[in-house]
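Heads up, the chain below is alone and in the form predicted on its own; it's given as structure tokens.
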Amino acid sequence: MHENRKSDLEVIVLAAGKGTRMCSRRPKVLHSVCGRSMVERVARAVAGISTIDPVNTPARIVFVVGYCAEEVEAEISRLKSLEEFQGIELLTVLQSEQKGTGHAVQVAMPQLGKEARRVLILPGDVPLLCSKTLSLLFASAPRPLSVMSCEHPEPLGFGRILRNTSGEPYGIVEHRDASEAERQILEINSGIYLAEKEFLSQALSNLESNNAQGELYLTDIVSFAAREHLPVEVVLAPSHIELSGANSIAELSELEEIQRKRIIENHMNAGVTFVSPNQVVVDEGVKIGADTLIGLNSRLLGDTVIGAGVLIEGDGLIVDSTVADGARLLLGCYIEASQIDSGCVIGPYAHLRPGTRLESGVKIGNFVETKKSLLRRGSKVNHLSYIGDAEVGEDANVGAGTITCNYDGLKKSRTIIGAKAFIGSNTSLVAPVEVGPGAIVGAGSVVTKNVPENALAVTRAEQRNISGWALQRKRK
């Protein structure tokens, strides 16, 4: 949460590109790393500056959009509801024709507030960037322009920082425009700049497109500052990995692997045990309590919260769900948008679909599917059953092969099973229907009418045995 305060710092995030090398219809910045889009990760890094350096809390973030603008705008709109961005104004501006990074910033400048005095500019595709590294830009004395760089062991494709014999920066040259000597330079441009607004306006107005791409390069503001004899600060980032962008699916996968390892290590440092850390996927926002054990091939995604002392045997998927302390998820469980209270035992091979709520001590057995249902404390559905749009009372027992027939082709209706009711195997409960507390339904029944409390309901036809019929059939 950020307090509403006047700040002279505003931010421009460049998020207009298609990302041709991604070979994807989806905009580049919407590709995700560990459950968060790249543009969200960049925005979080910006918003997090205030926790390290409250004086430099950004007042506004302007996202330059272009390719599939509506999709990127929808993502930015979603970010507005997150707690991390409260007190920060999020805006988008359309770069209808992509004429380079310099042009993108020109398009964004009119969206900055009148109170803005400093502008932080950064690309929207550096998903491992952290707030602490960004805050380094504010540590030195104020200058018209500061540029973040890093030493890269494989600088192919990156712009190089040019320095004179005194070590002072005088320009940035893109790889495609660089000479062979310049390509030997290991210090690369990150695409992250902190500039005084007045200087930036002047520099942008002097950009020219005399380069290999015929575009307006934002990097040329460095050479403009040198020509005007204005000091430029180059801030060296601690790691090139943090400043790495993803220009292809392969590069994106490499960055995700790095971040996934960090996430797992953080959880292990907090007391979580992973049977095979390299064979588990945990999204960024997932929370896990101490003394929980997670088996191999587990995937914990979205806004999932796992309590303390939970057992997750593995080969399962948990998405946007809450699992309370002490629950046991046996092999192969698939759980979506569900809430599981303490002491529940699920699986193996159970499927909890959205809207499922299990109170404490509930048992859901193998090959059971639930959907939009409430199972009260101590109830059991142990085998091969479907419970949809239903409420199952405390300590009720639902036999193998039971299904709630909740859909008649036009609408869905609810089934209510009372406390301590017993539903025999292979029963069909045709909703809307209610089985009263303590009632018993005989195996193989098709229940279409309410069953009173403590009653027995049996709908089987009378069995008829025909002596010798099987032998007669064989003779024929």
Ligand code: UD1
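In case it trips you up, residue 1 is the first one in the sequence shown, and so on. Quick caveat, the model's predicted, so the values are computed rather than measured.
Although not depicted, the form predicted in complex with the ligand is the subject of the following passage.
- Although the partner is absent here, E174 sits close enough that one of its heavy atoms falls within 4.5 Å of the ligand in the model of the complex.
- Among heavy atoms of I318, none comes within 4.5 Å of the ligand in the model of the complex.
- The ligand in the model of the complex is approached by Y217, whose closest heavy atom lies within 4.5 angstroms of it.
- In the model of the complex, R41 stays away from the ligand, with no heavy atom inside 4.5 Å.
- Among the residues N382, N247, S140, N206, the one placing a heavy atom within 4.5 Å of the ligand in the model of the complex is N247.
- Contact with the ligand in the model of the complex, defined as a heavy atom within 4.5 Å, holds for exactly one of Q339, T101, S149, S298, namely T101.
- Taking the partner from elsewhere, no residue among G347, V398 and T427 has a non-hydrogen atom within 4.5 angstroms of the ligand in the model of the complex.
- In plain terms, the part of the chain that comes close to the ligand in the model of the complex, with a heavy atom within 4.5 Å, is 217 to 225 out of 132 to 140, 217 to 225, 362 to 370, 298 to 306.
- Residues of 117 to 138 that come within 4.5 Å of the ligand in the model of the complex, judged by any heavy atom, are P123, G124, D125 in sequence order.
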